[in-house]
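Let's start with one chain on its own, the form predicted on its own, as structure tokens.
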Amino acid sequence: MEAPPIIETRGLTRDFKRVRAVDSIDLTVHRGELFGLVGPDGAGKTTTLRLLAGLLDISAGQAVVAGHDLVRDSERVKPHIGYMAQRFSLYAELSVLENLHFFAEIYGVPRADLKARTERLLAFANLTEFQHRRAAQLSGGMQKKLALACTLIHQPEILLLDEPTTGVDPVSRREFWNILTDLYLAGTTILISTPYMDEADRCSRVGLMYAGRLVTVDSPENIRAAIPGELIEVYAEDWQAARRALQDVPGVLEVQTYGEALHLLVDSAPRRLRQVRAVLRRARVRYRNLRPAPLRMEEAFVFLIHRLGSE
């Protein structure tokens, strides 16, 4: 028999006065899965994670986490989860080691296990040589890794991570994801929210959120494959003129703007390349690059949101 989901919601809803932050979400996360909640600010990702952590009351619907009903008894789920908020409350004047010991005491870690756990987590997060440094003196990336170590001190079976890499440099972001990958491979269930579409590709499944709703849930590969068409990337000297010239061309399904680049979602890249060149030439728009490109999660997400808005 298939094991029951470790996280399951049906019609999960949260209202703040007249604002519906989470709108009837049906979500299933399997044990040992690395699941990403992806979407822009205000999509409802943080509220969803806080509901699953038992930190907010549920307005309507049901949620079961690690076998515990959050509507009836949210307190019983807390020993099973490690929740890391966007701004994790480290104690700035305490050292790395003192922060770990403080959170170990909060979570009731047995004293007999404390030394081994802290040494393992310090090594795991590459913080051993910084263990006596005050948290306030750590870099942003190190603070994130310390926050994760504090979240892991009681060995939770589920991690709920709310945009943990926001505001850190690319190297620290990669190091943080290396740690998450090791945890995932060791069997920890991870539910992570992120505004970064490249991080979505690291997840086993992804839920795209927008305006409090789940737009779609699937693997990154399946989400990209479900988008009709192929991608052409254009770098034009005048991208606004290029956009005006190309947006109504037959075969161009959508035009998306990424800085100086235009991403054209077309029915067939090989067939439309010559046509796009001809249109730009007639419009007297110069370009320095025009090529087929792989479809990314970012283009897929924008396409799905546009389609949702047109329904």
Partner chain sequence: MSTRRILAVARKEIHHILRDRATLFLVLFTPTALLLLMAYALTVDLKHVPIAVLDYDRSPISRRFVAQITAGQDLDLYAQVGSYDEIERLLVQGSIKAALILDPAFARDLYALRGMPMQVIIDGTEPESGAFAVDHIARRAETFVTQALAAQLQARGLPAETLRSIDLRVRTWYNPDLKPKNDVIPGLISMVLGMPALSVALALAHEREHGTLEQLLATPIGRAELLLGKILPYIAVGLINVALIPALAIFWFRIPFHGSFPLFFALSAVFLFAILALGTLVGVFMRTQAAALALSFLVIFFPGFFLTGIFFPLASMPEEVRLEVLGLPGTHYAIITRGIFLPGVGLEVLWPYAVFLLVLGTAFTAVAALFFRKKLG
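Quick caveat: nothing in here was measured; it's all calculated off a predicted structure. Positions refer to the first chain, counted from 1.
Beyond what is shown, the protein has a form predicted together with the partner chain; the following relates to that form.
- prompt: Looking at A261, L55, V279, V64, which is the one with a non-hydrogen atom within 4.5 Å of the partner chain in the predicted bound form?
  reply: Filtering the options by heavy-atom distance leaves L55.
task: Would you mind picking the one in T194, T189, T118, S74 that has a heavy atom within 4.5 Å of the partner chain in the predicted bound form?
output: Among T194, T189, T118, S74, a heavy atom within 4.5 Å of the partner chain in the predicted bound form occurs only for S74.
- prompt: For the chain seen here without its partner, which of 119-127, 165-173, 202-210, 83-91 has a heavy atom within 4.5 Å of the partner chain in the predicted bound form?
  reply: Result of the contact check: 83-91.
message: Test of understanding: in the predicted bound form, would A136 fall inside 4.5 Å of the partner chain by heavy atoms?
response: Contact check for A136: no, nothing within 4.5 Å of the partner chain in the predicted bound form.
- prompt: D198: heavy atom within 4.5 Å of the partner chain in the predicted bound form?
  reply: Taking the distances in the predicted bound form, the answer for D198 is no, it never comes within 4.5 Å of the partner chain.
message: I'd like to know whether I179 contacts the partner chain in the predicted bound form, with contact meaning heavy atoms within 4.5 angstroms.
response: No, I179 stays farther than 4.5 Å from the partner chain in the predicted bound form.
- request: Please check if S95 has a heavy atom lying within 4.5 Å of any heavy atom of the partner chain in the predicted bound form.
  value: Yes.
- prompt: In sequence order, which positions of 93-111 have a non-hydrogen atom within 4.5 Å of the partner chain in the predicted bound form?
  reply: Result: E93, L94, S95, E98, F102, F103, A104, E105, I106, Y107, G108, V109, R111.
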